[in-house]
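Read the single chain below, which is given as structure tokens and is the form predicted on its own.
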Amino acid sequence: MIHITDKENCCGCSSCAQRCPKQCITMQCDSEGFLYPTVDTAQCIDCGLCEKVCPVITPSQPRDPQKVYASYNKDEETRLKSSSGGIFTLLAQQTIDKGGVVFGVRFDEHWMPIFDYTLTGDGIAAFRGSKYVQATVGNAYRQAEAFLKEGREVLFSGTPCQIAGLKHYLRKEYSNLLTVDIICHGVPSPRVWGMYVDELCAKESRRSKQKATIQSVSFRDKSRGWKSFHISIAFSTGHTYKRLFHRDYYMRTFVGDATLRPSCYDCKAKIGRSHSDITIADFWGIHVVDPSLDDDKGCGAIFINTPKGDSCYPYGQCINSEKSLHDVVSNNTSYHTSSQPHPKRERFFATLQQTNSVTRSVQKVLIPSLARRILARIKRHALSLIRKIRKSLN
């Protein structure tokens, strides 16, 4: 019987709930907004399947990629709409062209990320682009299994822990399954995102003096360039909210590691443990590794992890240049290293409970006071001066 005593030991993939033969496991939300399994002990038959399919209890072995590429889609329009190089769209479209099914994450009507599938090319766009919130998996593994057993081609994309959860859930290899994951920094709280969405809508309603609803969300708007991406939210009022990451309150909680799921601080799916066929990421540092591929429109780091991944990769539809694993991970340490919790993480969530406001909680807990910012600036200038003096003396 699955029993979570330490929240670091559950990634929320829901593999246990979907595999339970008695359907006596439900995913319940905690005070931080993350889902955890709860067992109806009266219905449990102690079969042990829930523990066998848990990717945290029984993590897979690490695995290096077989090939590594710097790559991007030849279609400029698709690339600009994508978070990095636009490779996912190519993989998804060729699956659809074979009569297959593509699973990915889209926003629901409340702008919360959920897993879903599409049978048509038109549905791919909703899965495109990063969603910096933990998505609800729901019954996606069970749905994918049904398609696989029908003989349909299935592409399943997600974070490494979600792909690991799918692999553990299936408990066998399928020749008609292609799995695609990302290099993951960690997944933030859905509760924090939901509260922030409500705050932005309320603020826009006050500004425009009419009820505002969200029309679109892009966590990786590249209209100002791939390296200067920002969060962009379009409202029904015609106004669009745009902020660079470090200037947006929600994104400050994400990049500051203040709202990630506890399991993200000790991730069991890194270093290829998801056993995905292909891994997609941003190729940060490409301007140093290979400046010829850096046009600031987005360049992907592609890991070909299996022969299946190699056979499915759309080489002819993208620009590719083979690189080393070191070229990628030297500027993307999330491949092998878990994020560390912000020292004020607990205080942030406690303040959030009191204020019921993401903005006020960030201002109160995560943004240094003016005095601290001045002291930090003085310290930086002093250290710089010391280095210059030492250099002149040498």
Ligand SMILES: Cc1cc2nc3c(=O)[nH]c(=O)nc-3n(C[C@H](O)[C@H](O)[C@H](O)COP(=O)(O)OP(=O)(O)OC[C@H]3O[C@@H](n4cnc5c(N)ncnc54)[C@H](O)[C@@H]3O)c2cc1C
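If you're wondering where the values come from, they're calculated on a predicted model, not measured in any experiment. Numbers for residues come from their place in the sequence shown, where the first is 1.
The same protein also exists as the form predicted together with the named molecule; that form is not shown, yet it is the one meant from here on.
Residue contact with the named molecule in the predicted complex: F254 places a heavy atom within 4.5 Å of it.
Contact check for T95: every heavy atom lies farther than 4.5 Å from the named molecule in the predicted complex.
In the predicted complex, the named molecule stays beyond 4.5 Å of every heavy atom belonging to P190. The named molecule in the predicted complex is not approached by T351, whose heavy atoms all lie more than 4.5 angstroms from it. With the named molecule left out of view, the stretch that reaches within 4.5 Å of it through heavy atoms in the predicted complex is, among 82 to 90, 144 to 152, 318 to 326, 204 to 212, 82 to 90.
The contact with the named molecule in the predicted complex, taken as any heavy atom within 4.5 Å, belongs to S157 out of N176, S157, N305, S232. A single residue from the set S130, N139, S216, T237 has any heavy atom within 4.5 angstroms of the named molecule in the predicted complex; that residue is S130. Against the named molecule in the predicted complex, the set Y249, R360 and V365 makes no contact: no member has a heavy atom within 4.5 Å. Residues N332, S334 are the members of 320 to 338 with a non-hydrogen atom no more than 4.5 angstroms from the named molecule in the predicted complex.
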